[in-house]
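In structure tokens, the next block holds one chain alone, the form predicted alone.
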Amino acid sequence: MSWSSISALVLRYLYLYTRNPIRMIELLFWPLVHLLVWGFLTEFLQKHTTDSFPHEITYLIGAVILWDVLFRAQQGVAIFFLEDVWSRNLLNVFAAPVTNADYLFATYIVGFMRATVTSTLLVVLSLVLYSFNIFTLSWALIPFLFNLLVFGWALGMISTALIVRWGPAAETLAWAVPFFIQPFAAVFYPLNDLPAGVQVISKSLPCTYVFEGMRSGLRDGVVPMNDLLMATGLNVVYLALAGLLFVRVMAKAREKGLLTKFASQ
């Protein structure tokens, strides 16, 4: 890997925001809307349920914050690629001495920065508006967030590979892929409440164990290490498979000239 290539790619992405601040709307607006919707729903349910239930309802806000970390990490990889497509810069990037490792590592950094910006906003607002403090998880929050970042990067590579394989018509996958798995990821509801057949799919997703661990940590004050270990082990598998898919698709795209399809749009 070349740090100069990686830093140049990241810097180019940052210039897009400094020269056109309107792009910050996409980064901040939707997370804020989701927090307000789920936050107001939480307050409504707290007022209209029994005294034994309201504490569990606040887990919805924690789920919104953690899901956004995964989503922004995935977007960092997928949108990084699409930004070059939209600006007609894709061929310039891959004609330069930029390896797949350089490109992917730059997208990881961008995904981390996007997740940091939005999660910081959500954490502060959830504390101010709804008195929800996700830092109740203390040290366990770090491995939780890291696992979500890694899974988001893996989904981003899968999204990008599918877009390269199927062409510009598949650009919507950059936003759709995370939501394909959301119903099975136990984001807003416990794993045990899902149908037995669906649980099989849910248990194959690393993020399921993160959300389960989050709820357990907030409820009991003890984070189950089994959940963290399962999430980490599955993430290793997903990241390896996603990286292999990305490399093979990009190699085939270079061989068959598929990247020129994006330059001609």
Partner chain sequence: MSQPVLSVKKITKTFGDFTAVDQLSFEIGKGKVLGLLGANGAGKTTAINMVLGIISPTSGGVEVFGEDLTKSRIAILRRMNFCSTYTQLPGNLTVRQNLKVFGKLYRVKNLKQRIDEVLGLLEISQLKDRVSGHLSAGESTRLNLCKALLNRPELLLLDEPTASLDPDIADKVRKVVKRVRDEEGTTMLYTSHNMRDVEEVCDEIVFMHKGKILVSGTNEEVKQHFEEESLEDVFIRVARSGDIEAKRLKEAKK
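Owing to the predicted nature of the structure, the values given are computational and were not obtained by experimental measurement. Residue numbers count along the first chain shown, from 1.
Another form, the form predicted together with the partner chain, is not on view; read the next lines as being about it.
Of the residues given (176, 170, 91, 129), 91 alone sits with a heavy atom within 4.5 Å of the partner chain in the predicted complex.
Only one segment in the set 142-150, 68-76, 108-116, 92-100 has residues whose heavy atoms sit within 4.5 Å of the partner chain in the predicted complex; it is 92-100. For the marked spot (5, 11 and 16), a heavy atom within 4.5 Å of the partner chain in the predicted complex is present in each of the three residues. Interface residue remark: residue 257 is counted as part of the site for the partner chain in the predicted complex, having a heavy atom within 4.5 Å. Contact annotation for residue 120: none of its heavy atoms lies within 4.5 Å of the partner chain in the predicted complex. The partner chain is not drawn, but in the predicted complex it has no heavy atom within 4.5 Å of residue 133. Proximity of residue 87 to the partner chain in the predicted complex: non-hydrogen atoms within 4.5 Å are present.
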